[in-house]
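As a starting point, one isolated chain is supplied in C-alpha cells, in the form predicted alone.
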Amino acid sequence: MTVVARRLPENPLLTPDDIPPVHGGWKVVCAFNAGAIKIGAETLLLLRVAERPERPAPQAGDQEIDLSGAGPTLKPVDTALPADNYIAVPMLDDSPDRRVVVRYIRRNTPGLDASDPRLLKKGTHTYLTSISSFRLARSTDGVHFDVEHDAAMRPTEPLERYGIEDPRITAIDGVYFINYTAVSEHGICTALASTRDFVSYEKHGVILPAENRDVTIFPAKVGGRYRTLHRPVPKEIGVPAVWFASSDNLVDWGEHRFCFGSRPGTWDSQRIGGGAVPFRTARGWLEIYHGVNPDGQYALGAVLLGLDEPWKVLARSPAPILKPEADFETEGFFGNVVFTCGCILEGDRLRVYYGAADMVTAAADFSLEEILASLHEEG
C-alpha cells in the first residue's frame, strides 16, 4: 500500500518573516517543530521560534568567551577588531532575573568548528547561534494561523541556558502537559510544563537527564500508569534508539525498556527518534516518528505499538510516509529535513504539522487507513 502525503497548498504555513522577534534588534531565523492540539473548533500550535542578535558589532562592555585556553573564560571584547571577526551566541546569564544576554566568540579561534550554522564547537564545548522560546499560534481552520506577539514560554532555568526547543503537547484529564527539550552547557535534557488555558504555564523541571530528547507522552494511562517514549543517546555501546518508560506522576520515570531502534539498509538506518504524541487506533497506538538515512535526510514514518503493552512493536513503515521533496523542505536553515512534534486526527484524516529544513512550519494530510495498511509486521 502506498501512503499519499497531501501537502497543503498553503505551505509553508508559517515562516520567520511572519513572526516578529521578542528581543529588540534581533531576527527570527526559524519557526518550526510545533506541538499541536485541537480544542473545540480551534487548532493551537506551540511553535519553537529561534532568534539571534543582529547587532553589527560587539559594543564596549560586551563580553567574549575565550576558548583559547583549557576552558572557557569571559573577558571584554576587543572593539578594535572587525565586526565579522566575532560570532554572537545568545544565552541566559547568571543574574537572579535570568536575562538573555549576548556573548561573542572569535571566528578565528584555533580548532573552532563553525560548519553547522546552528552551533559552534570546540572540543567538548558547544554554543548555539540562536536561542529558542515558544510562541502560541491559533487557527479556526488549521491552516491560517495568528501568532501571539509575546512568548508563551521562555527559557528561565539554569538547565535552559541555551534555550527551550521542540515542544509536544499531551492532553490528560483537562490538563495540557508540554514536554520539551532544555539545552544548556550541561547537555540536552527533557523538561515538563503544564497549562490549563494556554495563558499561564507551570514548569515542573527536568524529567529525563542529558542526553535525552524526542519524548512523547501517551495521552492516557495504560495499565493504570502514565507511559512515554524517549530517546537516550549512548556514547560508548549502542546507538540512539527509542525506549519506553512508566510513571505515576509524569515527573519520576522508571521501568525503562528498549522499544525499537534503527534498521540497517532502510530509510531510518542511521538515527531515529519520537515525533508526534502517540494516538490510539483500533489496532494499536500509532506513533509518527523520524528517521535519518546515510545521506543525512530526515524523513517521517509510523510505528504501531500494542494497545495494552505499548512497548511492543507490532508493525512499522517499510518506507517513509513523508520525506523532503519540496523546495522549502530541501533548502533552508538546515536543509533536507522534515520533523514533526504534533499531529491531529479527525476521522480518517491525520494532519501532521512538521518543521521543514529547520526553518518553517508546514502540514500534510494523510489517510489513517492508508498508513495502517502500509505497515509491515515486525517479526
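Being a predicted model, the structure only gives us computed values, none of them experimental. In this text, residue numbers run from 1 along the sequence as written.
Not pictured, yet referred to below: the form predicted in complex with a further copy of the same chain.
- a further copy of the same chain is not shown here, but in the predicted bound form it comes within 4.5 Å of a heavy atom of residue 186.
- Although the partner is absent here, residue 208 sits close enough that one of its heavy atoms falls within 4.5 Å of a further copy of the same chain in the predicted bound form.
- a further copy of the same chain is not shown here, and in the predicted bound form it never comes within 4.5 Å of any heavy atom of residue 75.
- A residue is said to contact a partner when one of its heavy atoms sits within 4.5 Å of a partner heavy atom; residue 159 meets this definition for a further copy of the same chain in the predicted bound form.
- The candidate stretches are 234-242, 79-87, 215-223, 305-313, and the one lying within 4.5 Å of a further copy of the same chain in the predicted bound form by heavy atoms is 234-242.
- A heavy atom within 4.5 Å of a further copy of the same chain in the predicted bound form is found for exactly one of 174, 96, 111, 264: 264.
- With the partner removed from view, the residue among 147, 143, 251, 101 that has a non-hydrogen atom within 4.5 Å of a further copy of the same chain in the predicted bound form turns out to be 251.
- Contact check at 4.5 Å (heavy atoms) against a further copy of the same chain in the predicted bound form: all three of 70, 247 and 256 pass.
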